[in-house]
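Take a look at this single chain in structure tokens; it is the form predicted on its own.
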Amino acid sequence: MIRLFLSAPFSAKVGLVAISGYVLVALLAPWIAPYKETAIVGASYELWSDQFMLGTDNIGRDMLTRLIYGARNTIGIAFATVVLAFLIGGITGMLAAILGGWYDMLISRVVDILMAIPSLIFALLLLTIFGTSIPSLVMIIALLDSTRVFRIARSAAMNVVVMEFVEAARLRGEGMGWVIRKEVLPNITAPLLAEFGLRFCFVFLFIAALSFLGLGIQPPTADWGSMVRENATLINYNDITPLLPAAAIAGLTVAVNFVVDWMLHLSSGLRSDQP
């Protein structure tokens, strides 16, 4: 692992270090935040000071605390959503490639229908119907994003299931689960890992956008998207505080993309002379 990190290009190293920092902040939020997540500790929109390093928000909560807890909530929910999307889309995609026939046709047409509807509009509709609780948010976004994962998994698996070693496993009498775990999945791991990184970025930004619109993670839970909306009025007074959660969103997105670019390069089989 250390050797792989040292052989990575500079951009990937920066991305890995930044992602590690975000994860540490998310995991250690209760111990490093100066106040409780929802505690009102001052007046509204207090300026930066020794007591409040980044000031306070619209109802007097410490902005630094909200940023730290926002990392845990936003990143954690996005990660759980992507994992669920990959479980749904990856399994159905590999099954479609292996089974073919009517199953492939049926699932592919359902996926085509879901992908034909703009994701944001569809998500807003479903969240209005089923509510904006965190379980509903995770399930709805995971379902919508699983269609993209299905396409990638099916396409990659289609190139593997026609190989001779897969046919040999079938002739030996191996079950479908064994073929997926031992033959198909190991040979499509690289593109799926790269897609996981890209999908995380899209889901992360999607949740932030929904929170900005008021239909994502609901108050008083700290979330970077809703923090931008709640404190946007400060921009009129040349205060950059609302830009801090936006910068946190942008920073994580860029870091993940640096790592994804490196992973795509590794999976392509091309060699790099970069240090």
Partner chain sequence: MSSLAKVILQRLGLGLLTLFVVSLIIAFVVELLPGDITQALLGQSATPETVAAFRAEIGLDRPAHIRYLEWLKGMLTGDMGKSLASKRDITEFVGTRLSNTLFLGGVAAAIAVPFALFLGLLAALYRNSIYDRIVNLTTLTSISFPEFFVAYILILFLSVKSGIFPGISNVSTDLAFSDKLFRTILPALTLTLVVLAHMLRMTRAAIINLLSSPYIEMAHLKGTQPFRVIVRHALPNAWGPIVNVIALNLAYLVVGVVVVEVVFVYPGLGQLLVDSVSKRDLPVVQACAMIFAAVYILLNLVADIVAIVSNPRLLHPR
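Remember, it's a predicted structure, so these values are computed and weren't measured experimentally. Positions refer to the first chain, counted from 1.
One more form of this protein exists, namely the form predicted in complex with its partner chain; it is left out here, but the text below deals with it.
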(message) Is V254 part of the interface with its partner chain in the predicted bound form - any heavy atom within 4.5 Å?
(response) yes
(message) Given that its partner chain is not shown alongside this chain, does M53 nevertheless sit within 4.5 Å of it in the predicted bound form, heavy atom to heavy atom?
(response) no
(message) Just checking whether P118 would be counted as a contact of its partner chain in the predicted bound form - the rule being heavy atoms within 4.5 angstroms.
(response) yes
(message) How about S11 - does it come within 4.5 Å of its partner chain in the predicted bound form, if we only consider non-hydrogen atoms?
(response) yes
(message) Counting any non-hydrogen atom inside 4.5 Å, which residue from A168, A190, I91, L205 sits next to its partner chain in the predicted bound form?
(response) L205
(message) Considering non-hydrogen atoms and a 4.5 Å limit, which listed residue (G131, G100, P186, G76) is close to its partner chain in the predicted bound form?
(response) G131
(request) Quick one: find which of 44 to 52, 65 to 73, 212 to 220, 31 to 39 has residues within 4.5 Å of its partner chain in the predicted bound form by heavy atom distance. (result) 212 to 220
(message) Each of N236, A247 and F258 within 4.5 Å of its partner chain in the predicted bound form, by any heavy atom, yes or no?
(response) yes
